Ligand SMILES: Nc1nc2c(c(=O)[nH]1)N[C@H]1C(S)=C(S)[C@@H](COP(=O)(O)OP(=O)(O)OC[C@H]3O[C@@H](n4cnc5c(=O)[nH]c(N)nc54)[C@H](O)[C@@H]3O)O[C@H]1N2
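Next up: a single chain in structure tokens, the form predicted alone.
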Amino acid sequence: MLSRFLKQHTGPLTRDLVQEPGHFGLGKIPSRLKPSSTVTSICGYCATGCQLKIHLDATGEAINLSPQAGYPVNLGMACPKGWQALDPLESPDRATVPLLRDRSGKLMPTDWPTALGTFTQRLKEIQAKHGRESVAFLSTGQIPFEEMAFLGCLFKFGMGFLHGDANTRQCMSTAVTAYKQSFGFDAPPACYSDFEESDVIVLIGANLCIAHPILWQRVMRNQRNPQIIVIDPRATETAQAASQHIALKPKGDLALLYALAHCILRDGRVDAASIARTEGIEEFTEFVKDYSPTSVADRTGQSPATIEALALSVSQPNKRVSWWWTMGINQSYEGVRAAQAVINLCLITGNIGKPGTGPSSITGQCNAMGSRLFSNTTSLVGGNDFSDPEHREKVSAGLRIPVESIPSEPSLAYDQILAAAESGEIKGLWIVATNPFHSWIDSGRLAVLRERLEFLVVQDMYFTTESALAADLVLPAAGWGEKSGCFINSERRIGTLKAVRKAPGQALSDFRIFRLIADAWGCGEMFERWTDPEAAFRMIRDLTKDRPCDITGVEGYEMIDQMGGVQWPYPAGSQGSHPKITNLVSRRLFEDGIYYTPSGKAKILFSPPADLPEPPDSEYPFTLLTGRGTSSQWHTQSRTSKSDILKKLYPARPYVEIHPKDAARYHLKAGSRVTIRSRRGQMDAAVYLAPTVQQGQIFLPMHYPEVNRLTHPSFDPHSRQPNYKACAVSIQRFP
């Protein structure tokens, strides 16, 4: 039945799949891969973007892997997750057929024609009754950007809806907004090689040893005897290995950064040429006069002498200073201003556009950078702007889509989509390759939201995620290793991933699911050129022309592989004498001091620090911190929990880190069971005595589903990113 339906209702691409039974996620293995015993692919976990060498058997299917020695990102290294990247493909809870909730409330197997018919009928009914803003999608930073682009274009241009966002809102929207406002475009300026070329490396809210182990190895390759400074409330693994740890008060970062600027500007330790290429320096200089080290000592938990010494360390003449941040900055109610405070320090000291310098956000997900440019959510696909008529015309011509099908207004952000679903304004939700019923802040609210939805679709590798278990319809998707496409890592490097396994059962790549939905919806002709991921790549590549992320010089996947990945920008003519391209292997932005703003100058932006949305009090006396637990855990563990080896490297049950003196006060010992409560929910955990946590604070790894029952639903006003990092909780020992 499936074969007959696909042959009748889809184009040549899917008919090719039917001719190879069992290859639904993979398609035909490209003939150029068959003679080789290995292929390369970018790892599908974090955004470091390591290249792996995948070893194939005689049939062209992956049997093992190892890190690729010559790749300019990982240089032959891999973390525990990378070594076990194939394990999640073999899990017994893979979604292998569509599942549809029956009248009794059970998810039952069905066939693709029924699944597609139900998907189309239910969402069209909602659209006809409630309008184009009544359905939304929530997507991911963990699928190739060709699939991201297809989803965004299909949903907005073909199906006629408006609202969609990606889970990169949870990890990277702060950095995106900060760069856009300061530089005129979302442009992380540095390269990983800057880790090896810095004299001073500042890691703020970043635990590289655990979250990005390969980048820590790049730090260890530095031959300049660098001073490594970690700014973090916890004495993390990275802090313990650093030259200096600044044990900041939770969310004291913005005040500290303003105090550093105060000292540097007061003492004239500035780069006049760099400042001349900025706007707002006079106003900023006046603003930071109120942020002396003495005035921020209580807010930051640092002595004035410590702040003065830190300011000197990061502004020494002829010293290369690089700043790197991750979720400790981004996941905050004022993260954009904190990121811009880092950017401001780099601008006033001239630490940008040169080797060993730069304000750099390290991305969380494997393709968050691809999502930022191509998902068609916050920006029009290809780094264009929904509100710009010329950009809409450009996308219309490039994709051969009527310009009137391209919306000019922005989508709701992730939290606003969920709030609209909770209030009943959004009736249908399509979740693709993400798990918000676990990962979203104050996750208990999603149970209420679910009751308000008329139709919930989840498209995923597994039928056991918290989100899939709540769905009305589950669409079985292929995972990493079962499809092809491209990722973009944190240094703007595009790399390819390969299909080296067959997806199980009737699971399909997300790309092919979108093709089937386009045909079933009745807009298949609009996407007839989207025949395969590389064809899609060439179309969306051409949309980047004349944008800061211009990659029109990239011919295709083979060229990307031959070059060891390609950093954007890479416009046409880059291999010749293009004035912007001086190094084909590793390139940083703003070497010429020209930014993407109308004036060509960077903007220095700032505003006063805000108070904690939920400070501790007598009822909830502890501040909860969350973050990465171990290098073998990943997000909601929907993949890492499938590896027997990785599971042995971290505790199976939740644990809470607490200072020994606090534990003694509550008569707790190592291993004691406690209940942790916030105003939103509670969870149980085992006590881990940790002098690395300051008194009055506790730490929970984010990977356990119970943790986000506690977190506080506050958001950065500029980026709409959630504040996962600080809220008030209490601890009570089990009877």
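The structure presented is a predicted model; accordingly, all values stated were derived computationally and were not measured. The first residue of the shown sequence is 1; numbering continues from there.
What comes next is about the form predicted in complex with the ligand, which is not displayed.
Not one of I54, A470 and S641 places a heavy atom within 4.5 Å of the ligand in the model of the complex.
Note that among 98-106, 169-177, 531-539, 341-349, the stretch whose heavy atoms approach the ligand to within 4.5 Å in the model of the complex is 169-177. For the candidate set V321, A499, C486, V432, a heavy atom within 4.5 Å of the ligand in the model of the complex is found for exactly one residue, namely V432. Between the options P293, P250, P571, P616, the residue in contact with the ligand in the model of the complex by a heavy atom within 4.5 angstroms is P250.
Taking non-hydrogen atoms only, H212 approaches the ligand to within 4.5 angstroms in the model of the complex. The closest non-hydrogen atom of D510 lies within 4.5 Å of the ligand in the model of the complex.
In the model of the complex, the ligand sits beyond 4.5 Å of every heavy atom of F195. Proximity of W521 to the ligand in the model of the complex falls outside the 4.5 Å heavy atom cutoff. Along 128-157, a non-hydrogen atom within 4.5 Å of the ligand in the model of the complex is carried by Q142, I143, in order along the sequence.
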